[in-house]
Structures are given as C-alpha cells and as structure tokens.
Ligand code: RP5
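Coming up is one lone chain in structure tokens, specifically the form predicted alone.
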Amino acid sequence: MEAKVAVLMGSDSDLPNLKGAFDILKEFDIPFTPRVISAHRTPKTASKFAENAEINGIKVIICAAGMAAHLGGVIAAHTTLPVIGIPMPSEPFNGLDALLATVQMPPGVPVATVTAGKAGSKNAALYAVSILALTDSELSSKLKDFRIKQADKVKQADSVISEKI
C-alpha cells in the first residue's frame, strides 16, 4: 500500500522520539514511510523528496528536527502539502531552539508545530490522522472512537482517585 504520511527526521538520533508517531499511525492503519533527510547535510534530497511527495501519494509530511530545526521549513518551501514540525530536544537548549526555529516560519510557508519530543511525536501523528480524516469517513469514525476512549480513561482515573482519597 502506498504511504500516505511521510515521517522525516533530520538525524537517526531522532528515531527514539518518533516511536509514538509510528505507533499512532499503525493504530489507525495509515501507511507511512520513515526517512532520514537532513535540511543541511542532504539539501538536494530534501527538496527532491518534497517536490515529488504529492505525486508519490504522500498527503501529509511530519518533520522532526533538533537544534536549528530547518527541516520542516525546507520541506514546506518545496511542497504545498501540509507539513507538521516536531522540535527535537537536544543540547544545550533542550529543544527550545528547535521549537523557536520550527514555529517561526515566515508568512506564506506554514509549518504546523507541535510540542517537542515524544509527546509531540504522538500529537503530530494525530494531527496527520485528523487531516486525512477530512476526506475519509472510516478514518474519521476511528478518530472519534479514539477520542472517546481517551475521555473514558480520564473518567476512569478520576473515579479511582475519588475513591482513594
């Protein structure tokens, strides 16, 4: 099955933080392709990937990058597909530098930005799911069920805490 989501990382050191994204995409049966593409070390590969993503069946691109975190912006500059940036934590600023680089896109070249690291990874995947669900009623139903299950977990935790205290 052709990948609908591309999950790009600037370095293979980002891989552990992306497990949540992979798990969410698998849970929703969304085919994806993971790639290591650097905005700085492989810029031609990055631009070529972005330019060809739509004709290759990609609908949403998730970009994880740390430090200068230019990957999301470089990819967005070469495609009109939705791009979601995940700032990766790294020294010395623990992801603040990547967050600022990802969220500060100039007008006209948007990159949606989620929180840094592992939590951001899950949210980026869920954001991709919600984008794809706009034109897929089965996926929309799965997403609504997912949200109900999340609410049920919170209600269960509330009940347990209320009984304990």
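No experiment lies behind these values; they were computed from the predicted model shown. Just count from 1 along the sequence shown to find any residue number.
The form predicted together with the named molecule exists for this protein as well; it is not shown, and the discussion that follows is about that form.
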{"item": "Options 54-62, 100-108, 36-44, 122-130; stretch whose heavy atom lies within 4.5 Å of the named molecule in the model of the complex", "value": "36-44"}
{"item": "Residue among Met67, Ala112, Leu139, Ile30 with a heavy atom within 4.5 Å of the named molecule in the model of the complex", "value": "Met67"}
{"item": "The named molecule contact at Met88 in the model of the complex, heavy atom, 4.5 Å", "value": "yes"}
{"item": "Within 4.5 Å of the named molecule in the model of the complex: residues from 3-20 (heavy atom criterion)", "value": "Gly10, Ser11, Ser13, Asp14"}
